[in-house]
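Quick setup: one chain, the form predicted alone, written in structure tokens, and binding and motion questions come after.
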């Protein structure tokens, strides 16, 4: 049997599944196998019947949903018209990336596994279920799964045992080659452009929205800086409903861009074009030609905590013995605890790692930049406004992420810090964005009551819903809002008061730090059991939760089940069943983030 051509298809929302797929591809290259790696939606799924060996690497998003770049594949694969044995010639393996703090842990990988078996595929080994919550992160499952996969492949293809693999410290060819343009060629500034015929903005063609205002809405003395931001989307053809999300692609801080260029001895104003070393497409988001500044500022994720694959690749450039040993340790399965202590726990950035390994950094070849640094991933924010109340505008509520670790410099969230730094009073500033459907759907029937639990910035999608419902004359709205203090972080207070006066809102507030005993939204839910039971059992209300995924959603669910038991006189099992039925019918929905 001849050696197989390996196809690795990934569904990735934040870049982790893509990184894992690329790691596996590098292992295949070292075994001298022909390998292709691509997002599932870029692959012509009709060709799957003629593939011999495929690995699917899939993450799970939201409430058990497939990532954006595998949605078309997902729809096709679950068509009822597909013949039962259509994939009987396919050997495949499935690796899932998930987080066990979410209720639908690795749902996409599990469902894909089941469907491939139904279609007759031969699944070579048990589905891998990597868990972000593990002490060593997803690698605790990925490493042994990779080893099992290669064991299976060598059994299936005995000719591979005669192949001498490339050494781990030998650099593989780069994916792209940089061609620098000389200074004589006309320079032009790289600007964010959108084609005039573009109908709806998307990830590859975002809309440059002008920032209208950027206001801090927490008291100056409050520990958390939260911004209420408005963006002008006139002429974009963007439409959205309550519950939808806006996607934004942030930029690196100017001082980080400057430091990076100094470390790698790159002139930020130099222009270049890229050519792929195989049949890979040049990233759509990068203009050709492009300046080094634009590449580093808008594309390379230099401020992220680097993944293990970064150290694996970096180690192949190390000539200094001490640095090479350390990088090899960080790249090995045995060194993962050490890597976590150095990198993940203190949240050390890729840029800071480069400064810690100066000899290796000095030897970095520019052609490898796109292999070494992942693309900056877009961030999603719940839209906090309605087009009916604010035509041609998108408003968001952004908590600026900033915290201390053992490292001297405070850690900052890339997107929230970048947004906070933009000041429209100093001149026009633009944010590249597009909109996508959110997971929350609100009822169209006028009489259906809506109960919303949104502590902190979790209230954002509910402000959008309330603005929309108010214009439609829907008065049956209940909001549970929680924050630390009535005087410091009570978002949109005057708006809620106006809605209450107009008879559009019943509001229940929990200020956790304004008294001795902490009071949270779940306490207010428990206290209002009679009202909630009446709305849900008798008036078929819909119940929504939005906010931080830690303890809040589970605590609110427990409080709601207790309310069912106390006010409705049902058993614990019946309360559990009620909630499960509501979820199945779309009457219980949640949107949480970690």
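None of the values given here were measured: they were computed from a predicted structure. Numbering follows the first chain given and starts at 1.
What comes next is about the form predicted together with a small molecule, which does not appear here.
Contact annotation for residue 552: at least one heavy atom lies within 4.5 Å of the small molecule in the predicted bound form. With a 4.5 Å cutoff on heavy atoms, residue 522 counts as touching the small molecule in the predicted bound form. Among residues of the shown chain, residue 438 is not one whose heavy atoms approach the small molecule to within 4.5 Å in the predicted bound form. None of the heavy atoms of residue 110 is located within 4.5 Å of the small molecule in the predicted bound form. Of the candidate stretches 421-429, 391-399, 271-279, 514-522, only 514-522 contains residues with a heavy atom within 4.5 Å of the small molecule in the predicted bound form. Interface residue among 482, 128, 306, 461, judged by heavy atoms within 4.5 Å of the small molecule in the predicted bound form: 482. Interface residue among 250, 174, 287, 456 relative to the small molecule in the predicted bound form, by the heavy atom within 4.5 Å criterion: 456.
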